[in-house]
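Next up: a single chain in structure tokens, the form predicted alone.
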């Protein structure tokens, strides 16, 4: 099911701001934070308020259309979400992020965490950092950019 259908089924109309933001998100390879989205859209001649960007991202996240990716600078960025259990790996050099399937079977880890902390686990976030193949190749070739 595509994002337009999901919006409609959830009772939301396909407004122009929502359409523009989702079109941008669909092509994102790096996590985009709300201010970056606002800036990119302005550069494209699309003038939306920052509040509209934040509200749209909140809606898309609540509907499961986008996922949060935590960036090294402490900001939260967003990328399109796949359905099902998934996580991200983020390149520490170029910030490109790739989604990978997550394991549904985390019972052993959850049980250990609950035993050690006495917390009741209700959800989790797992994200890896490393170097993407392109940045690895640059590093091996002796490049620093």
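Think of the rigid core as the biggest set of C-alphas that the two forms share within 1.5 Å after superposition. Positions refer to the first chain, counted from 1. Source: prediction; values computed, not measured.
Not pictured, yet referred to below: the form predicted in complex with a further copy of the same chain.
Undergrad: Is there a heavy atom of residue 14 lying 4.5 Å or less from a heavy atom of a further copy of the same chain in the model of the complex?
TA: The answer is no: residue 14 has no heavy atom within 4.5 Å of a further copy of the same chain.
Undergrad: Does any part of residue 35 reach within 4.5 Å of a further copy of the same chain in the model of the complex? Heavy atoms only, please.
TA: No, residue 35 stays farther than 4.5 Å from a further copy of the same chain in the model of the complex.
Undergrad: Examine residue 57 and determine whether its closest non-hydrogen atom to a further copy of the same chain in the model of the complex is within 4.5 angstroms.
TA: Judged by the heavy-atom cut-off of 4.5 Å, residue 57 is well away from a further copy of the same chain in the model of the complex.
Undergrad: Taking heavy atoms and a 4.5 Å cut-off, does residue 109 contact a further copy of the same chain in the model of the complex?
TA: Close contact exists here: in the model of the complex, residue 109 approaches a further copy of the same chain to within 4.5 Å, heavy atoms only.
Undergrad: Identify which of 28, 89, 63, 41 has a heavy atom within 4.5 Å of a further copy of the same chain in the model of the complex; exactly one of them does.
TA: It is 89.
Undergrad: Going through 118-137, which residues have a heavy atom within 4.5 Å of a further copy of the same chain in the model of the complex? Please give them in sequence order.
TA: Heavy-atom contacts within 4.5 Å come from 118, 119, 120, 121, 122, 123, 124, 125, 126, 127, 128, 129, 130, 131, 132, 133, 136.
Undergrad: Take the rigid core as the frame of reference and indicate whether the C-alpha of residue 92 shifts by 2 Å or more between the shown form and the other one.
TA: Result for residue 92: no, shift under 2 Å.
Undergrad: Superpose on the rigid core, then tell me if the C-alpha of residue 111 is displaced by 2 angstroms or more between the shown form and the other one.
TA: After core superposition, the displacement of the residue 111 C-alpha between the shown form and the other one reaches the 2 Å mark, so yes.
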